[in-house]
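The chain that follows stands alone, in the form predicted alone, written as structure tokens.
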């Protein structure tokens, strides 16, 4: 077992984990963050995308021990004071989902994209989300949602979360 301490959605967790436990398993099984979904287990689909220290990663390709000392942001950590993140709201407003399975990872990747490029073209959005697969929509409404969110977010506005934290017990 390995002891890890990580901040997830603004709360600090300390846990003993198996060294081979994937971050996606830790988030779902230990912390109950089931919005981070398991799609393919091969890092091809992007459904499990979260932010690790401010960058999007496919949590099925990261070990939980690699998140030790890091900050993780999941789709559950995006809303503030009952308000959806602008990207979440844009996905809703633009009907950018059908079954919804890819949506959490697609939203997390889109936030990362907008952090790097606050006013992307259609082609830049398509390239920015190419590592996240959607088998239902054909992507047009997803692209529209990302561009809508870009217009509603202030240029350079951070999608990262406040640094306030409290300690939550995870246990073994």
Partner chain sequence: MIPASFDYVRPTSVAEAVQALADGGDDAKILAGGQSFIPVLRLRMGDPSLVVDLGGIAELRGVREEGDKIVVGAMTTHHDVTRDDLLNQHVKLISEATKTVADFQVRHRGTLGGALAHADPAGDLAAPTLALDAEFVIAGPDGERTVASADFFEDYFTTAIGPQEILTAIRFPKYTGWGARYEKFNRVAQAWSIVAVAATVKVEGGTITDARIGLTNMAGTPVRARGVESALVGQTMSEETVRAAAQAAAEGTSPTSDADAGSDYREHLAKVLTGRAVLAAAG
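Residue numbers count along the first chain shown, from 1. Note that this is a predicted model, so its numbers are computed, not measured.
The form predicted together with its partner chain is left out here; the points below concern that form.
Candidate from 143, 52, 114, 31 lying within 4.5 Å of its partner chain in the model of the complex - any heavy atom: The option sitting close enough to the partner is 52.
Contact test in the model of the complex: residue 137 vs its partner chain, heavy atoms, 4.5 Å: No.
Residue 118 within 4.5 Å of its partner chain in the model of the complex, heavy atoms: Taking the distances in the model of the complex, the answer for residue 118 is no, it never comes within 4.5 Å of its partner chain.
Would you classify residue 35 as touching its partner chain in the model of the complex, given a 4.5 Å non-hydrogen atom cut-off? Because no heavy atom of residue 35 falls inside 4.5 Å of its partner chain in the model of the complex, the answer is no.
So in the model of the complex, does any heavy atom of residue 18 sit within 4.5 Å of its partner chain? Residue-level check for residue 18: yes, a contact with its partner chain.
Output the sequence-ordered list of residues from 115-134 with at least one heavy atom within 4.5 Å of its partner chain in the model of the complex. Contacts from 115-134: 116, 127, 128, 130, 131, 132.
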